[in-house]
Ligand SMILES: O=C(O)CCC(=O)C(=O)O
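As a starting point, one isolated chain is supplied in structure tokens, in the form predicted on its own.
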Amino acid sequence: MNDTDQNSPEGILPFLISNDATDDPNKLRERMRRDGYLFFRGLISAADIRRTRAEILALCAGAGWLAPGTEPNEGIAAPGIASTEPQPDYMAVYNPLLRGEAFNALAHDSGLLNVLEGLFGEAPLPHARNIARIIFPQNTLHTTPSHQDYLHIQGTEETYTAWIPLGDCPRSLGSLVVMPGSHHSGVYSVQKAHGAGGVGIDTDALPFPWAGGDFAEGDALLFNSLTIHKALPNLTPDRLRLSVDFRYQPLSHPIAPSSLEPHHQQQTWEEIYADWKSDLFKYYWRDLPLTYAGSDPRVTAVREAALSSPRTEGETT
């Protein structure tokens, strides 16, 4: 019998939990085709998540972002600090974060890759452009708005994002919610907005519900590049929300060249790999039989229209 999170607030349906389908590729594909997402409990190695969390929080501590006298692993933000991408002080932490060996290795988690191979029916290709988010408490104006990842990724529509919080992430800390079924309607128009990506979708008139829930350490949300999703605001008084976005696609599908570049392209792979102890995940894509995709004209049209749209004001949550 399928399980669900029974504690979702009014207006947000509970996630359908798909642990029962991890060894059933047909069931995985059926659910993904229908809903545009899959949610798993305890799929990701807890030890690897803790290692990545510690790696990132050490950088936060070095930047003075953690409250003095607190345990770094708790991720308690220093009072009066709120930084966001792409501000220079944020990027001074974020670029070293992108060089983290534990952070990049987490994208190759065996439990996640096994599920993806079942879903694809072939080898998955992890994108090299790994992304992390450090979300400060109460910084609600910059909450990630409703959007589709395809607008930023392109390549094949059969690209999937794995959203993984680095530790427990209840709704109050700013977990992710998705709009099941929204992936069936192609590329949506957008307008300028605050938050990651800089654009958002007006979802008020769309006939789809939201689905969400609390995340525990090791949980993972996997969704199609056309599935509308957004973050909830971090409403905690003092906790940083740490999460990662890893993207995957079937190896045989075309990939956008930018997906094989470091996030923001402010440093080279040589710089990123300089202090790694292992060569296992360095340049792993270079010997693969890849094909490349050009720009999607639908995305070009949507972006041009967004340039003339007003920025949405207030909290983009």
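If you're wondering where the values come from, they're calculated on a predicted model, not measured in any experiment. Start at 1 with the first residue shown and count on from there.
Although not depicted, the form predicted in complex with this ligand is the subject of the following passage.
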property	result
Contact residue in the predicted complex, from 182, 243, 159, 234 (heavy atom within 4.5 Å of this ligand)	243
Contacting member of 173, 77, 107, 176, with respect to this ligand in the predicted complex [4.5 Å, heavy atom]	176
Contact segment among 114-122, 235-243, 95-103, 203-211, judged by heavy atoms lying within 4.5 Å of this ligand in the predicted complex	235-243
Residue 144: touches this ligand in the predicted complex, heavy atom cutoff 4.5 angstroms	yes
Non-hydrogen atom contact residue 223 with this ligand in the predicted complex at 4.5 angstroms	yes
Exercise: residue 229 in contact with this ligand in the predicted complex, heavy atom 4.5 Å	yes
Proximity of residue 129 to this ligand in the predicted complex, heavy atoms at 4.5 Å	no
